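This document opens with one chain alone, in structure tokens, the form predicted alone.
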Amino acid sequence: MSEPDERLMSASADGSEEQVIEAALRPKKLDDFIGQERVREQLSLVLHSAMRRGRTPDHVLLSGGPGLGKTTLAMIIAAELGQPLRISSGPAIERAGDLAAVLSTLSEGEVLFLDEIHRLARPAEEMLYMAMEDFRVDVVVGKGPGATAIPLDIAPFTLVGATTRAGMLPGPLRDRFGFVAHMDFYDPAELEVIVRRSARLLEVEISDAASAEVAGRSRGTPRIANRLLRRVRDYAEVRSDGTVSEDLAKAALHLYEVDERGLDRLDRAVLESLMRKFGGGPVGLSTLAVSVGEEPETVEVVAEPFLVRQGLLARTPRGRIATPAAWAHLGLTPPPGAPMAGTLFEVGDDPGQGE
């Protein structure tokens, strides 16, 4: 590997630096948050109304795909309220005692952020019900018939829950949130604004055409837009004078295997395997995953949602099928009798695993 290539790879390797940069790119105020206009307006009313009344705001539930700004909004909520933010996640709270330990140390008005709240353990979830409604928890001491429940009052707080799978959230827990918002994917124009803002913070000189190029390949997700911008910056610093032009952005994104529609290596591997090895399908999820050397969950969670949103793949009761748009995107000719999206199933059918 040449020296420039080594420098380019090392520029992407420092994970701690990436975390620091990502934190610096997060907006600090609700007015600075780009996109999600309806959610921002609704949330602003909730927060400012509570502050005018001198009350703790209702609990907030944010749902949507990864990288859309749920954690950033939780940080902004705490900043707008002038309160500290406590961050945890559903998988990290394995027992009710873990949750009780967190809740008992909250100060009045503090904001508790629980990421992936749908993965909260059942005993902790049941304890959270009472904490959200009555600001009280029952701590059980002992086991068996001699166990005693000791009530423990906790300071009024605001819970901000985030989930990427709103359908897995139990109804009783969802109903205890006073404000529920769903975060949509961003359109390219909004992502262009985010890219230009991040470029200013990173002190990267980038043309409008290059900003549009990065935004158009970001899968509607600000986190991906910022990540691609940093990789384009690395390329510009190593291979050029640091200025990002449209042609340089295209060359950098080609090197990192992100095509003009935002498909990455895994996305294209799934589509190519589906079309070249299985004639466009239908094929089951497990079989498709084995053919690309990945776990079924990786294909289903990482690749499929974007491919389906782009109209390149469809899930049917018989399995996954490639759409005409997928054949066209990869420049392949479908064989006679290749399945077409929309012809094998009707609305309401359960796609299942296709196995």
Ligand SMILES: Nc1ncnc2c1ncn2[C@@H]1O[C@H](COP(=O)(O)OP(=O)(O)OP(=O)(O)O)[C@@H](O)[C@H]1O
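None of these values were measured; they are calculated from a predicted model. Heads up: residue numbers just count along the shown sequence, starting at 1. The term rigid core refers to the most C-alpha atoms you can superpose between the two forms while keeping them within 1.5 Å.
Omitted from view is the form predicted in complex with the named molecule, to which the following refers.
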Would you confirm whether the three residues 33, 115 and 186 all fall within 4.5 Å of the named molecule in the predicted bound form, going by non-hydrogen atoms? yes
Want to guess which of 168-176, 126-134, 218-226, 93-101 is within 4.5 Å of the named molecule in the predicted bound form, heavy atoms only? 218-226
Students should find that, of 317, 296, 66, 311, the residue having a non-hydrogen atom no more than 4.5 angstroms from the named molecule in the predicted bound form is 66
Is residue 194 close enough to the named molecule in the predicted bound form to count, meaning some heavy atom within 4.5 Å? yes
I'd like to know whether residue 273 contacts the named molecule in the predicted bound form, with contact meaning heavy atoms within 4.5 angstroms. no
Can you check whether residue 48 is within 4.5 Å of the named molecule in the predicted bound form, heavy atom basis? no
Would you classify residue 83 as touching the named molecule in the predicted bound form, given a 4.5 Å non-hydrogen atom cut-off? no
Once the core is aligned, does residue 297 move its Cα by at least 2 Å between this form and the one not shown? yes
